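One chain comes next, on its own, written as structure tokens: the form predicted alone.
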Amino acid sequence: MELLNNHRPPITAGLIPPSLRDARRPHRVLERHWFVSRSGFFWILLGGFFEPFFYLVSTQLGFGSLIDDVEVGGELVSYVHFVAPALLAASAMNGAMYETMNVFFRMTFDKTYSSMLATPMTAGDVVLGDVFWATIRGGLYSAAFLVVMAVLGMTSSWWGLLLLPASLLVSFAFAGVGMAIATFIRSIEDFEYVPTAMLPMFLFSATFFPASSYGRFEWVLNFSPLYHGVALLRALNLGQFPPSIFTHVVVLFALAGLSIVLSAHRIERALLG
């Protein structure tokens, strides 16, 4: 009996698919994506620079100058400093989510994953590689956004140096979410649902208004993945560390982990039957 207990599988064995536990080669997926997309990589970086540039300039020179200071954590901050980190979180989300939408084409039309799984690579390698690649793209968008923020004087504290790794965490979480969503897409028409869900999440995640303005419905914000990214980056930019900041970090990591596990299950079932 004691011998059997020693060989009892861990509790997580039934939750995490074997392909994910045995993943050893996700870097090969990164190499493949780099060789395929390197010719147009400059334009990706260029788009990642100009989009935040126009966002932030329009905020600073436009309606941002018409709105009074906003109270955050008992501190009054200018509206520009309030909105900028929220737009940074949205940029990290967009870069990761839009990259993972390519998963549908790799599965359905290009048969890229079928070719990968004909090698010693596992479905876990495929999922992790794609999630890391989407995280990198979201991180590049975030880096461009952060440079513009610094040049325009929208960073409020030296703690803002943590904005880049925090943005990578936001990208990582949404890369996992986007990967999971992509495995449920059945046709090109289904892509319309993605921006339809992202737009209200962008508008109603305390992006443009403080959480207190939601009144008795403020608790609903906790169900928005983007809100946790917005709150985390805003706190770091202002040099504030409320206890809830650790909750935001845990939620983003948990979201990424659960999404990756679901994606591995879905791809393994779809391609390996």
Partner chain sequence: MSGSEGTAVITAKALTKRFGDFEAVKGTDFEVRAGEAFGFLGPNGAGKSSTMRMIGAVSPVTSGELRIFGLDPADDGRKIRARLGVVPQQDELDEFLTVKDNLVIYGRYFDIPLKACREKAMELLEFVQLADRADSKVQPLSGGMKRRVTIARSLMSDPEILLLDEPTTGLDPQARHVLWDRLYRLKQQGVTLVLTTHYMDEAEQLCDRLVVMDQGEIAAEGSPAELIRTHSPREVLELRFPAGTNAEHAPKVEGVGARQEVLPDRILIYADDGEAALSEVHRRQAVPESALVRRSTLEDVFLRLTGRTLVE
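As the structure is a computational prediction, the values presented were derived from the model and not from experiment. Residue numbers count along the first chain shown, from 1.
Form predicted in complex with the partner chain: not shown, discussed below.
- A heavy atom within 4.5 Å of the partner chain in the predicted bound form is found for exactly one of 46, 57, 36, 67: 36.
- The partner is absent here; in the predicted bound form, the one residue of 80, 164, 72, 116 having a heavy atom within 4.5 Å of the partner chain is 116.
- With the partner left out here, the partner chain still marks one of 210-218, 27-35, 242-250, 228-236 in the predicted bound form; by a 4.5 Å heavy atom cut-off that stretch is 27-35.
- Taking the partner from the other structure, the partner chain in the predicted bound form has a heavy atom within 4.5 Å of a heavy atom of residue 122.
- Heavy atoms of residue 110 reach within 4.5 Å of the partner chain in the predicted bound form, making it an interface residue.
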